[in-house]
Structure formats: C-alpha cells, structure tokens
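Just the one chain here, the form predicted alone, laid out as structure tokens.
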C-alpha cells in the first residue's frame, strides 16, 4: 500500500473544507469496511484520507419534525438496536441484520453501504421502498435529494468530490408505514444478495395504498418496480394480487447471468421474494391495526 496523509477533522465544516481543498484525491473514512479493502487492492491510493467516524454531526437516530433521521455514520448494529427503527421500520432493521458479519456491522456505516453503490447493497431496497432522502453538505451549503438520485451506476454515485453524505431521512408522511425486507444469497450469512427486495405499503379498508417495491442485485443500481406498484395500488389484499405484483416486478428488472445465478433464476426469485415481502408487510399492518383497537 502506498503512503497517504490521514486527517481527522474536528467538525463537519472542517471535513468539507478538506474535501474542497483536495477534491478527487481525498477519500472519506467512516467505518472503513470497504475503503480499507480498496486501499490494499487499488492501484490509485488517495493522497488524503479524511476520517469522519467521530463527527457528532453524522451520528444519531431520532424522530424529528421532518421524519426519522439517521446520521450517515450510524453503524448497522446501531440501526439494529434502535427502538425507533424496530418499531417504525422493521425492514431497515432486517436489512442491517443481513450485512456481513458481526464485526462488519459493528464498524460499517449506513452511508458507507449506500455510497459504495453496488447493485446488491442490502440497505438500498429497504430505504428506497420507504422513499428515503439523503442530506448532503458541500462548500455550497446543505441540500437534500431523493435517495434514488444518489445511484448512477455500479460503484458510481452522483456525489461530487467536495460533497459528503450527512444523513438519511425517511419522510414524516411514511412514519410507521408497514414494511419488509427479504434477501436471498447462496448461504445464510455473509453472502452477497442474488436478489433482495424491500417493500412498504399502507393497508386501508383491506386495500393497498401507495405500495412501494424496490429491488436490489437485478439491475445496474437498486431500482423501484414502478409498474408493479401501479398495478397493486388500490387493489384488494389477496394472494393473487401479491403474486401478480411479483410477476410484474420480475419483468421490470434487468438481471444478468453470472457464475452465481442465471438471469431466469433471479427473475423467479424476484417473483417469490416480492410476494413474500408484501405478505409480511400486510401481516404487520394487520397486527398494528389490532393493537390500535385493543
């Protein structure tokens, strides 16, 4: 590994200033579970590594006036332990539980999982189904945009060299929206997804309202199955409707064939996992309704 400078800025402003100064020759270090592997293997080592892992501005998980805010440097284990996330968004907790091993979940951060921008990321589908937004800071100030706009292509985000992801926000309108996440890999643990699915939907008068279906590992980036969503919206809850949504979602995806699975097998998985995830979200909605009147 080639030598590089290491800087631990005192606050977010100092971190942004360093990125503005060094641009593309700087790399951000948070959990390091991906970056350290890159540094060992990459031909181009950054001139400066900016360690943001201790910045308080990037920490914390809490319900705010705008929704549920997750600091960018929140680890997967912190997500799994959060009472707010367990109660409001079990899909994100389920996704965090499937990421790597215990050591990875102790160190790895939510923002790190997102900005690596691999199609098989586990947090992406759960957050996309909940219509999450991301906060970004740069020398030009703060901005927020839909999470979907962060993903450009495999390992490429829309972040500029002087921008840093600071937070992930699930909008207030989606607080408590029933959700679920499912993943299929070649082994039970520490496996990349062949397919993963995140869903969210309100159930009102026994009908789907504003259903959202997001898929991972089946296209160049994590994607929404918008045609399947449109089909399901307003439909009466039924096994047939959920199965048809899965079939439509499979036609929207663009899976590849590789040494791990064929494209046809991945399409079969999309059908099955979408139906199962929707059924789980429906069951959670029905349980919440029972508890509300108990």
Partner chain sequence: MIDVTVTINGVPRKASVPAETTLLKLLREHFMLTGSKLGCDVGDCGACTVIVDGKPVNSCLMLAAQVDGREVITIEGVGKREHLHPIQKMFEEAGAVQCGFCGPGVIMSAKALLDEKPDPSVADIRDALSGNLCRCTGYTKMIEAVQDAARILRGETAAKPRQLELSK
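Just so you know, these numbers come straight off a predicted model, no measurement behind them. Numbering follows the first chain given and starts at 1.
Another form exists, predicted in complex with the partner chain; not displayed. Remarks below refer to it.
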Just to be sure I understand the contacts: of 138, 116, 190, 158, which is the one whose heavy atoms reach within 4.5 angstroms of the partner chain in the predicted complex? 190
Quick one: of 248, 261, 253, 29, which gets a non-hydrogen atom within 4.5 angstroms of the partner chain in the predicted complex? 29
Which of 29-37, 261-269, 234-242, 62-70 has heavy atoms within 4.5 Å of the partner chain in the predicted complex? 29-37
Is residue 101 close to the partner chain in the predicted complex, meaning a heavy atom pair under 4.5 Å apart or at it? yes
Heavy atom of residue 3 within 4.5 Å of the partner chain in the predicted complex: yes
Is there a heavy atom of residue 54 lying 4.5 Å or less from a heavy atom of the partner chain in the predicted complex? yes
Answer yes if any heavy atom of residue 224 is within 4.5 Å of a heavy atom of the partner chain in the predicted complex; otherwise answer no. no
Triplet 180, 284 and 288 all within 4.5 Å of the partner chain in the predicted complex via a heavy atom: no
Scan 68-106 and note down the residues that get a heavy atom within 4.5 Å of the partner chain in the predicted complex; none is a fine answer too. 77, 81, 97, 101, 102, 103, 104, 105, 106
